[in-house]
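Okay, so here's just one chain, in structure tokens, the form predicted on its own.
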Amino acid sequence: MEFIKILFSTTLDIAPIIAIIFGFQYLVIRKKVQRLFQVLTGFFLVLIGLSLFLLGLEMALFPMGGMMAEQLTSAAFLPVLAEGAQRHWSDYYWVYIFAFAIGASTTIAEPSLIAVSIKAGEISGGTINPFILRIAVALGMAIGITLGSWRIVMGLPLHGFILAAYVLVILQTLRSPRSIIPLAFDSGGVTTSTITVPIIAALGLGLASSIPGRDPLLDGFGMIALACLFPIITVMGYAQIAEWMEKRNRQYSESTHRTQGEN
């Protein structure tokens, strides 16, 4: 019964997309759709796949994320407090470890990131290593989610984190190789896709609901924003480090040749 409801809702969501595509094809371009049966079969598979994915979110990912947050912040799991003492942010170290690990692992497995990294490696002629690029993006995602978890634990406002991150992004943009800047900004977008977003949202809402004094609406959201920003920082950082190492190796090689020539 739940699947039927999700299927009907997904059909309503996809209907405008189908209407626009076929409307432009027949009314603007005025040509028949090639392999119409295959196209319709593909839309049908997309409809079924999205419905099953949404059902899986409701049955597994959202409850699992909330359950992990609840278990990691329960008084029975956290260190024992002395009478009258207040909970310190460092007591939630397992929350930070879990946030870092889940952020890195889901990003490494993100299909859209894999596709972008492969294409970047092909177009760059091997200059960009697809696996290293994925590691850099995963590291940024892990840092962003960990920082977002710490923000929820502390109850700090989101705007300070966003402003500081954007200042760092702007400074890096001015100093990074021009060829990596568009890829870095795209990398921040592809991380927030079908696998990562549900888990991040569930973790944030679970933490805000489990930690005393936190509002799920005010504190539970915002982790996705940090998850978008920090991969940009780490990818540009990776490019800056690679450029610095290349310059240092070139200088070392030139000094070695000069010394050998003098001898």
Partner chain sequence: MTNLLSVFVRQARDSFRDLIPVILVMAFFQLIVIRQPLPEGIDFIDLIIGLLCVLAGLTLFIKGLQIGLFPMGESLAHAFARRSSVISLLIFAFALGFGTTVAEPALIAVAGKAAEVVAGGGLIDTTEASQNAFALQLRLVVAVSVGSAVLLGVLRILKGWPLHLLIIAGYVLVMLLTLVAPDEIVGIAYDSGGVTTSTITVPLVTALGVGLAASIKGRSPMLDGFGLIALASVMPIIFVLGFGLLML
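Worth saying up front: this structure is predicted, and the values here are computed from it rather than measured. Numbering follows the first chain given and starts at 1. Definition used throughout: the rigid core is the maximal C-alpha set that superposes within 1.5 Å between two forms.
Below, we turn to the form predicted in complex with the partner chain, even though it does not appear here.
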- prompt: F22, L72 and P111: each with a heavy atom within 4.5 Å of the partner chain in the predicted complex?
  reply: yes
Sole residue of M154, L158, I135, I118 within 4.5 Å of the partner chain in the predicted complex, by heavy atom: L158
- prompt: Taking the shortest heavy atom distance, is T146 within 4.5 Å of the partner chain in the predicted complex?
  reply: no
message: Residue-level contact is defined here as any heavy atom of the residue lying within 4.5 Å of the partner chain in the predicted complex; does D13 satisfy this criterion?
response: yes
query: Does any heavy atom of V235 come within 4.5 Å of a heavy atom of the partner chain in the predicted complex?
result: no
Contact label in the predicted complex: P212 to the partner chain, heavy atom within 4.5 Å: no
query: Counting only heavy atoms, which residues in 42-58 are within 4.5 Å of the partner chain in the predicted complex?
result: G42, F43, L45, V46, I48, G49, L50, L52, F53, L54, L55, G56, L57
message: Please determine whether the C-alpha atom of Q71 is displaced by 2 Å or more between this form and the one not shown following superposition on the rigid core.
response: no
- prompt: C-alpha of I180: shift of 2 angstroms or more between this form and the one not shown, rigid core aligned?
  reply: no
- prompt: For L133, is the C-alpha shift between this form and the one not shown 2 Å or more after core superposition?
  reply: yes
Sense of CA distance change between L45 and P111 in the predicted complex, threshold 3 Å: farther
